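Given next, in structure tokens, is a single chain: the form predicted alone.
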Amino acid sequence: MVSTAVPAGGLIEGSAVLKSHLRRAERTRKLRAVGLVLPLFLFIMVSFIIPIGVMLFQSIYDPDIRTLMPNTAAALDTWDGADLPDETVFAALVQDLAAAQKEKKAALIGRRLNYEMSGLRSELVKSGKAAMTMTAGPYKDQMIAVAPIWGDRATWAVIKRAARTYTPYYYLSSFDFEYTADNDVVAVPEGQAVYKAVFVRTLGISLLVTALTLVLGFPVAYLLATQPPRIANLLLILVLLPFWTSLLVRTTAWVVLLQTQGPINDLLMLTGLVDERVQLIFTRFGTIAAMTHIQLPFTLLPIYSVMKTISPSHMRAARSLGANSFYAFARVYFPQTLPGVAAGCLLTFILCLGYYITPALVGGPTDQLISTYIALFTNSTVNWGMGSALGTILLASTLVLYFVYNRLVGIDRMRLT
């Protein structure tokens, strides 16, 4: 036998070459993985992460008054708020209002100040027109003569607060708090408080719809999971039919059904259950009925997916050990369905928190959820700060739900399909 010795230098060189090839292959694999994930990552960033970041920023960023009234804002920085500002501040006010009126932005100043003190918008426009005609001081008496609001210390307190670039005002308003002329934070009077009631209504309707979908969906899911495949598939198609119809069409169908002259009232009259037609449309009942119908598959399908994985032998084993059907179901079968129940209820509850179309079309004025007000502030009144603050609170509520679910059940146990 002839032995061949490999030089040590050759082994080291071969090992280095092999490591180089491995590093190159690993780098290529990582680049390919990044290339496959990058489009989805960019889509999520553009359509989800960045808008949320902008919303969070807009809820505290409020540069309008500082930008539109720079001289007045700077002059008010040293005002102690004990009495009316001095002549220097009034001179700065005239200068800023005249410039804003010339650029047709006086109404923008009034709109922002009107958030905190109603009636200021028209007074600002009138004062802007008057400021353009003022050529010499003293300006204090002239401005108070034009609009008495300039003789009110509360007006100047509002301007000074609004001149902050970053403000908690929108969050305070979202919880029905307001500032006083002395910059104290107090609760809004009972008759003017809106948002706490809206948040409670949103949570209450969402919880009720979630409970109804669970009560209605659990037996159907159990039926689907225990039937022969042919029957189960047919029933599953019927359950999935709503997914093949748009949300707007389904809501419009409920508008037709709930009309005073609609099919439901016709049926009630035909069966003699009522003596006269009842109001079903634009009511809380109509809102909950339509939302329950739309959300039922979202609760049912996660429960069904978990039930399909539960072996029938578990129930048979429990009964063979002496348990009756109810006890075997309650102690053996039902606990195994909890991941699906939790996932379905969580999904339905979160979706209900953001409902907008269905309450707007089917519900009355007292049935609107918080999403209606977010849409109002972002689309109609163009109050981005208030809309962003309400949206942020809704987002925070959703994150709290995820946290609670993770602590009680565990996200890793969530089953949606």
Partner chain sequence: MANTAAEDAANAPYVRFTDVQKTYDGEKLVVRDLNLDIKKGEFLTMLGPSGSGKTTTLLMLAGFEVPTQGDIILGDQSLKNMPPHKRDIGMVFQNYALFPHMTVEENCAFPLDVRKVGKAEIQTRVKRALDMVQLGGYGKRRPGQLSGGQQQRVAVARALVFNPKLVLMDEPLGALDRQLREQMQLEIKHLHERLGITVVYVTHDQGEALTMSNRIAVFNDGEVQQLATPDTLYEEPQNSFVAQFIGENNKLRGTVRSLNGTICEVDVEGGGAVRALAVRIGGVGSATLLSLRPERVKINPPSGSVPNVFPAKVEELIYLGDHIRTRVSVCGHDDFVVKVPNAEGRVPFQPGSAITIGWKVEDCRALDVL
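Residue numbers count along the first chain shown, from 1. Keep in mind that this is a model prediction, so the values were computed, not measured.
There is also a form predicted in complex with its partner chain; it is not shown, and the following applies to it.
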Partner-facing stretch of 297-305, 154-162, 134-142, 316-324, counted where any non-hydrogen atom is within 4.5 angstroms of its partner chain in the predicted bound form: 316-324
Non-hydrogen atom contact G81 with its partner chain in the predicted bound form at 4.5 angstroms: no
4.5 angstroms heavy atom contact with its partner chain in the predicted bound form for P335: yes
Close approach of S311 to its partner chain in the predicted bound form, 4.5 Å, heavy atom: yes
4.5 Å heavy atom contact, R331 and its partner chain in the predicted bound form: yes
